[in-house]
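Heads up, the chain below is alone and in the form predicted alone; it's given as structure tokens.
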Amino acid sequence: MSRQEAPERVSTVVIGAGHAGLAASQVLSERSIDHVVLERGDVANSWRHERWDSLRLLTPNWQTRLPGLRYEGPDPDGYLSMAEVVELIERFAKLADAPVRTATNVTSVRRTDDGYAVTTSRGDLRCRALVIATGACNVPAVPGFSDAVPASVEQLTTFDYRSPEQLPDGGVLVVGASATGVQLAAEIRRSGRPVTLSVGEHVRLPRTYRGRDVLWWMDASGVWSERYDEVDDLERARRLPSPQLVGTPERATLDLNALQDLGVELVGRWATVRDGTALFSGGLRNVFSLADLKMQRLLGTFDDWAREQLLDAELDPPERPEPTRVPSSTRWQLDLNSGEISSVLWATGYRPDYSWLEVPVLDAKGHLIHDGGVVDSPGVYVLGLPVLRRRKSTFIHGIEDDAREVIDHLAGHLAGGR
């Protein structure tokens, strides 16, 4: 009988080799903290395998930066394609000389007397600290009533969707009006298919304002740098859908008005399915008004900042977007057995998957309990979640500040100071 091999020991295990996990690795290396980065697939795995073909970053290229690496190409005002994002993250992994172990699936993490036991598909490890960098978009969040959709209607999530060509002929019901929903509704409509978009709460932004990218305003005015402990309603801020934006060479605005101009039909939030009929909530006018009001307030914040900085003369005059147009009539129900709709595309967001985490640090909804990335278990940390430490936390350019502060706390834990 052979003696069981002892688990490998390392100070810190980082789970996930996307931009967040690699940023953590870079900062850990700077501090000479020994560590490994475990990745279930390849470096930048989710960018490679869980995105649709035409997707581009929402942030302009000049804003794309990681610790020690920034965009230096010929198109600073453009938006990186998925292939370019993968290339960027691969380059960062090599620059950081990150100790990544690919094709290593973490199946269990549990507490031990002196840290954590990490079980993987390629052996066991023991560590004193753990950084979870698996992101918040692991599993599509699809409502339970999807089971009541007739079998004749094909259902896809944004994990499954790659391009309009894979959809069956006929009408498409896109559910969700965040950045993903409006982008896919526009793409599918341009392919010639009839599209109905189910709209709930959303965040409306123009692509440009006063001659500058709207995300320039978010960055320059300090809105994006607002800390999590300064946000009025942090839980709500972390739940907000991504803003209705798209990255195109024309820097075009893609809001509900633009979709209506393309011929997309708008309906309310999909509430349930009854006897094969989709039922939608009313009140689109109120939903539109609330999104418009929040956008106008934000643009007003930008104007105030520009005046304080004496920048008005350098910028275009303020021109506010027109209010969202309310359709003259909207349907409250749609017979899914009629043949009008052949496919449903769920763009209803995602949820994290911590099924491998055997440490009691999840709330009733399955979300990590943490304070600015410091998880409610000594030595456990998280990076890459919405508004983790700042409003920009989930964006590529927002990870460096978060990583440095979180790893600072981790280093203190390893030194026994916290």
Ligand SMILES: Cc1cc2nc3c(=O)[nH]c(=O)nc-3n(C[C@H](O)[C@H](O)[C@H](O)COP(=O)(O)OP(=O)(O)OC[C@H]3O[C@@H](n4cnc5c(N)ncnc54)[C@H](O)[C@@H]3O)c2cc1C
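This structure is a prediction, so every number in the text was calculated from the model and none was measured. Start at 1 and count along the sequence shown; that's the residue number.
The form predicted together with the named molecule exists for this protein as well; it is not shown, and the discussion that follows is about that form.
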item	value
Contact test in the model of the complex: W356 vs the named molecule, heavy atoms, 4.5 Å	yes
is_contact(A117, the named molecule) in the model of the complex, heavy atom dist at most 4.5 Å	no
Contact label in the model of the complex: R351 to the named molecule, heavy atom within 4.5 Å	no
Exercise: N105 in contact with the named molecule in the model of the complex, heavy atom 4.5 Å	yes
The named molecule: the contacting residue among P243, G176, G135, G171 in the model of the complex [heavy atom, 4.5 Å]	G135
Members of 51-66 lying within 4.5 angstroms of the named molecule, judged by heavy atom, in the model of the complex	R51, W52, L55, L57, L58, T59
